[in-house]
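Only one chain is given next, in structure tokens, and it is the form predicted on its own.
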Amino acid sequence: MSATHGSANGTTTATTAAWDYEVFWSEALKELQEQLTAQEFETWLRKLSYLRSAESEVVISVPSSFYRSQVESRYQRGLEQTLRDLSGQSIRVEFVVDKATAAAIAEEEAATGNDKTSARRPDARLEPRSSAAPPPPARRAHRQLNQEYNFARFVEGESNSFALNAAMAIANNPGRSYNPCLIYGSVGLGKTHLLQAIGNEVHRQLTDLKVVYVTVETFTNEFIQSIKEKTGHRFKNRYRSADVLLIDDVQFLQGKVETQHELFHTFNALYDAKKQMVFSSDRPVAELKALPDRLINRFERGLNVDLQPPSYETRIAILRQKVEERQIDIGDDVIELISRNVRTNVRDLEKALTKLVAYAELVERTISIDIANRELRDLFSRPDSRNIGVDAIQRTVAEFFSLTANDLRGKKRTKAIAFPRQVAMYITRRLTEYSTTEVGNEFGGRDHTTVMYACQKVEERMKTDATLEPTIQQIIRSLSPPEID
């Protein structure tokens, strides 16, 4: 494929190499720019730089690994589709981290006055500060924040690395690139830990900034109290003067119309003032019912990251850290036993460990494998502790309806396949910690809205079809839990 390029004076340069796709890349960016808001394009795509081409591939530089993961998840598919439309052939987009690009961007922002302090750039530090750096000035602990919730005590694993790095970037540079941010995931996975770690880090390092942390329940109660006491101006000043506002559990906003209205205006005031906001929820906001579209749009405007249940290796690392912190004598064999059988969340891991510690202290016995198995048998046998895979659910549902797992993952939409697929999606959402996006990927790369629709249709049908719920229960019972060693 050959292409020509216009020079600065309007003349045409020589034909490019056989697979120089720079002209197609430039056109693809222009098309995407027309589809996105100015802010979104400026945030995510302006910093992309063409590096080189290879056969059926274009290589693009990005300033950081975190930036690369965002661009890949958000725009890679769209860019590749646009390149295919423009060139008539499949061109893969490969993003590589290029430090020279990052330095050039830093110089450009400094020259234009966009970078007020290099110490607070979003990519200035994604890792904890070096121990060689001078310690920050001592500051009294934030009264709303738990000091144990910090980045040093958050065990990183594959399931939470993205969210952790996002939180670190926000703490280094609040109000700049990742605003607002929504962290979502099931209970006990570390949402509150990350929110408060951001607050503690900003409070410790950026002493001129005001940090406010609150749960939705507290926000609601204070709002009601301000109406009762006619102190609305104080309530507004408290939250709208924050430099960093951290709000936990936004799922509890459902049905609270006046609180939603107040938070909407608080959001707008802080966003316009370029103040940082971070929220947490137990699910994607698109799945929250009785929430107005305008508020959902605000939550989804910035960066949304999810937390998944920890992997086996991460569970072991978490337990070892807890054992070391508590200075207790529990062997690796017991730690591995707990990690194999408690797969839900960090909270349940801590619960299992606490029970064994209490047993050891009260009975004054060393914890053995046999004792751990006996004392934790109730926790091990809970349905939520079973690591049921999506493939097992697909196979079981397919067999029940005389189909194959490939039918459920395929593109056919006949009634004989569509309804069993919806049932499989519903059971997957019910028995696993997968987000709707992840469930959709497991079912042939479907959109998360398809999964939400499937779950809604199954729930609606159960209200009118008395046989459906027993059928689903029968399928669930046939999913055998793994054997306990």
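What you are looking at is a predicted structure, and each value in this text was computed from that prediction instead of being measured. All residue numbers refer to positions in the sequence shown, first residue = 1.
Keep in mind the form predicted in complex with a small molecule is missing from the figure; the text below concerns it.
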Legend entry - Site test, Asn160, Ser186 and Glu350 vs the small molecule in the model of the complex, non-hydrogen atom cutoff 4.5 Å: yes
Inset, instruction - Answer yes if any heavy atom of Arg153 is within 4.5 Å of a heavy atom of the small molecule in the model of the complex; otherwise answer no. - result: yes
Inset, instruction - Please check if Arg315 has a heavy atom lying within 4.5 Å of any heavy atom of the small molecule in the model of the complex. - result: no
Legend entry - Partner contact for Gly190 in the model of the complex: the small molecule, 4.5 angstroms, heavy atom: yes
Inset, instruction - Classify Val342 as contacting or not contacting the small molecule in the model of the complex by the rule of any non-hydrogen atom within 4.5 angstroms, answering yes or no. - result: no
Inset, instruction - Please pick, from Phe380, Tyr149, Phe401, Tyr178, the one residue with any non-hydrogen atom lying within 4.5 angstroms of the small molecule in the model of the complex. - result: Tyr149
Inset, instruction - Find the only residue in Arg409, Lys275, Arg204, Lys322 having a heavy atom within 4.5 Å of the small molecule in the model of the complex. - result: Lys322
Legend entry - Location of the small molecule contact in the model of the complex, chosen stretch of 76-84, 292-300, 166-174, 342-350 [non-hydrogen atom, 4.5 Å]: 342-350
Legend entry - in the model of the complex, whether the C-alpha atoms of Val305 and Met452 sit closer or farther than here (change of 3 Å or more): closer
